[in-house]
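Have a look below at one chain only, the form predicted on its own, in structure tokens format.
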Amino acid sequence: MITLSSDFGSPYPAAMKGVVCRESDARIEDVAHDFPRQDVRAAAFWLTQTLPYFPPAVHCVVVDPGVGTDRAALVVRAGGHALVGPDNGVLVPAARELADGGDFEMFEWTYDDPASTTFHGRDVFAPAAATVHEAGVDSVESLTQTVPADEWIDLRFPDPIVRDQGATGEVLVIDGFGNVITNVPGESVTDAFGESITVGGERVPVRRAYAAVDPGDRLVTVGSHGNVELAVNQGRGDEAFDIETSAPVELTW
């Protein structure tokens, strides 16, 4: 299959699907097309949370603030998968996850002047994904359009500082429910389940489930991604904690 991910909304992904259907017989699956606009790090995070659950596939990812510039196009081979997209770091964290601790291989995808300088999703990456799919992931290096990449943008999520009595971290993303996902590892608060910790100077209960507090109440929990979340039962954690993406987070217990 070929999966498609972007920040395009609608209708742009339909054109990408048309190209894929025209140039391959791949089954197409959408991951998301509502990633935060031009937010490479947020897209990279969500790809780490979704792509490992797919069987081996070609993943076409287009969150591309540098479209039309001289930034490279990449094909990454990792764990039986291939990722196709711009060289801005968006592919790299997911490649690490798919490689499951092993190495991944990076190739630059060469292409002639595309029809548009503003829609490489349709004119560069969708055709590349279809070509890789038809050739097979194991044959990426034999394609005339690929050359080994010597360097690329290596996006890494920031590391938190975890101490005996607290942690200093950062907001990685905020999901559609308003849950504030930090980079603080969940195991740092597991001993506090059923108790409270201090978040930004205020005491907040630590619970395993949103519904463990009353509707509208704040809580700290550990999300499915394994990181600490700041949330509200049936409400928005970002509003209740008055916090935004990339903001610092200070936890004390």
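The numbering used is simple: start at 1 and walk along the sequence shown. Since we're looking at a predicted model, the values are computed, not measured.
Although not depicted, the form predicted in complex with a further copy of the same chain is the subject of the following passage.
> Name the stretch: of 155-163, 177-185, 138-146, 103-111, exactly one has residues whose heavy atoms fall within 4.5 Å of a further copy of the same chain in the predicted complex.
Checking each option against the 4.5 Å cut-off leaves 177-185.
> Does Pro205 reach a further copy of the same chain in the predicted complex if we count a contact as any heavy atom within 4.5 Å?
Because no heavy atom of Pro205 falls inside 4.5 Å of a further copy of the same chain in the predicted complex, the answer is no.
> Are any of the heavy atoms in Ser116 no more than 4.5 Å from a heavy atom of a further copy of the same chain in the predicted complex?
Ser116: contacts a further copy of the same chain in the predicted complex.
> Test of understanding: in the predicted complex, would Gly200 fall inside 4.5 Å of a further copy of the same chain by heavy atoms?
Output for Gly200 is no: heavy atoms all beyond 4.5 Å of a further copy of the same chain.
> Is there any non-hydrogen atom of Thr245 lying within 4.5 Å of a further copy of the same chain in the predicted complex?
Contact check for Thr245: no, nothing within 4.5 Å of a further copy of the same chain in the predicted complex.
> Does anything in 29-45 come within 4.5 Å of a further copy of the same chain in the predicted complex by heavy atoms, and if so which residues, in order?
Sequence-ordered list: Glu29, Asp30, Val31, Ala32, Asp34, Phe35, Arg37, Gln38.
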